Each structure stands twice: as C-alpha cells, then as structure tokens.
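Only one chain is given next, in structure tokens, and it is the form predicted alone.
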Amino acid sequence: MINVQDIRDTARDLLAKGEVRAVIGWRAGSRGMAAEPCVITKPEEADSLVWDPTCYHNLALNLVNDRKELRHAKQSPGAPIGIVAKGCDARAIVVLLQENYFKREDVYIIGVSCENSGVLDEKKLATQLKGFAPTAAAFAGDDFSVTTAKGENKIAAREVMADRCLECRTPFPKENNTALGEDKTGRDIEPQFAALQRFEAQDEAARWDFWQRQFDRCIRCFACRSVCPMCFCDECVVDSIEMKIAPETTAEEKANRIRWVERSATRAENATYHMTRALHLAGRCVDCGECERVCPVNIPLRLLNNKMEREAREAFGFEPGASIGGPSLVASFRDDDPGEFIR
C-alpha cells in the first residue's frame, strides 16, 4: 500500500532541486471528503498532497490546461511539469504524447498504483452508508476505511469501487519517471466490459428505448466534454462558437455559418452530439470514467465509449494508451487491417 508521505517527499524533492516547475496532484477538497486537483510550485506545499479513494479526477486534463495557458501567454514550458498519475491518468498522458500534444521530456510522471482497488463511486457508497454522510476515506489494504459521524466503517473496496475500476486491467502506470506501489497489472476483479455485456444482453428494441430516454434527459451542459483530457480542441466541431468576422461579413453569412449540431437540447441533437463525441474518442478513450462521473443527470456514458473501445480491440487488437511508440488507431494503416466492413 502506498504511503502518501512518499508522494509528498518525491514532489518536495523535485521542486527543491528545480527538476520540475510545478507538480499536479490532489489535495484535501473544500466539498466534503472528496479530494480536488491542485498545482503546487513550492517544496513546502508538498505536505498538502493526498492519496486516497476520492482521488477521482484524471489529472491529465491539467496538463492540457497547462499547455493551453502557456500557448496563450506565448511562453515556452522551460522545466518539465510533474504530475501524480494513477493508471488511467498515465494512459491518457500516453495518448496525448502519441498525438504530439507535448513532448515526453515536458512531463515528469510520478506514478501511483491503484493496486487491488481504485476510486470510490459516491452513489454506491451512499447506499452502503444508509444515509450517513462520509467525512473521510482512506485505503486499508484491499478495503476502504470510511469515516462518518457514527464512526469508522471498513468496506470491501469492490462493493463501492467505480465500475471503471472494477473492470480495470492496468491499475499500474506503466509510463512513469518514478513509480510507487505494487504492480497489479492483469488483476481480475470483474471481467472487462462487464457493464457493456450486461447492457447488450437486452434485445435491440430495449437498448434503443434506453438510449432514447438517456438522450431526452441530456441538458447539453458539456460537462462530459469539459472534463475529458482528450477533448482538447480549441473549438468543438459539434459546438461551434467562434467565427472570424470581418467588417465585410454579412448578416446572411453569420446566420448561415456551418452548424453540425444545433445548441438546442433535443433528442436528435443530443444523440448527434454524444455519438459524434464517442467516434472522436475511438482509440483515444482510456476509460477513466470522468465523463460519466460528472454528468449531472447520470447518463451512463461509459457504455458508449466502452463499445468503441471493445470494437477497436476486437477488430485491430488496439489498446488506447498502451505505448507511446505505438500507432494511434485512426491515424495508421496496415496492409493486414481487417476490412470486412467495406462493401
């Protein structure tokens, strides 16, 4: 089990030696027990870092934000930026490196293994606690220790882990500069794509009825897009908000600019948005589950992304974020690629 002091000492040492300009990690949150992302720039700030079952966030998003801020300020990165990364975070970083979003020498990865557990699912935990509000959570071997006003509760991790963690096969960040914790790659808590398989056990009519209900509920808040490290485009193709306007631009040109998806939150527009986004994440989604976690209306978005992930695996043997040197899914071609879909 990882000692959080090891994370703090590593970050402190890197900052003190000037090997990184900052470290991205988690600290105690201001909203209940949940940890929150933070950026520390001074060695003495390292003591604020935490590592517990509420470190939900995929911190690779902060690398994207850092790169955008540097570009906006027209600054070069200089020293690399450090990041505390669990398995899914590290895979997301690999995808960003494959896409040349930044260079490997620009980031120092402090890998932390999830070992035989992962992060909490707050909805599952609420069911277990039967109305008592949690105030703290900690790793306790393969279990979680959760504190409420009634005292400390030891709960089997698999009972309250996020589904993405139950199905995860790579809880150890293989791409790292330094790694903490035991490598439990290949662990088997639940079969991969178990949730997708349960959903697909329904007949076609039931599945379509399910998704119609989900798309009806979407309020198009774009939280799923905002939290995803892979949605780094300056302008989203399904939410065009920018248009170069010159003095000679006519009202008709403004009115008739291309809109692939209207902003109205209707079923058809919502379906187009989510399906387009799922296609753009094909071969890029690392199943960190952040899109589903932040959805305010609880749409099970993992099902869409898992479907694309499984198709890529079965058709091409492709694993998103597996290797920096490997090809990306949609930007490469092999003579032996299966082409059964071509008619």
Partner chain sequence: MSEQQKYEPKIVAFLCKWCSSAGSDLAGVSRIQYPANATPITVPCSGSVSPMYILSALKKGADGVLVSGCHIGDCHYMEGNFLARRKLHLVKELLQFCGVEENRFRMSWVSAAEGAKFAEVVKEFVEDLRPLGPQEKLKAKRA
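In this text the structure is predicted, and so the values were computed from the model without any measurement. Positions refer to the first chain, counted from 1.
What comes next is about the form predicted in complex with its partner chain, which does not appear here.
The candidate spot formed by 16, 44 and 116 lies out of contact with its partner chain in the model of the complex, as no residue has a heavy atom within 4.5 Å of it. Though its partner chain is absent from this view, in the model of the complex it lies within 4.5 Å of a heavy atom of just one residue from 39, 282, 70, 64, which is 282. Within 4.5 Å of any heavy atom of its partner chain in the model of the complex lies no heavy atom of residue 222. At a distance threshold of 4.5 angstroms between non-hydrogen atoms, residue 211 is in contact with its partner chain in the model of the complex.
In the model of the complex, its partner chain lies farther than 4.5 Å from every heavy atom of residue 217. Put simply, residue 34 is far from its partner chain in the model of the complex: not one heavy atom of it is within 4.5 Å.
In plain terms, the part of the chain that comes close to its partner chain in the model of the complex, with a heavy atom within 4.5 Å, is 299-307 out of 284-292, 22-30, 53-61, 299-307.
Shown without its partner, the chain has 196, 199, 200, 204, 207, 208, 211, 215 in segment 192-225 as residues with a non-hydrogen atom within 4.5 angstroms of its partner chain in the model of the complex.
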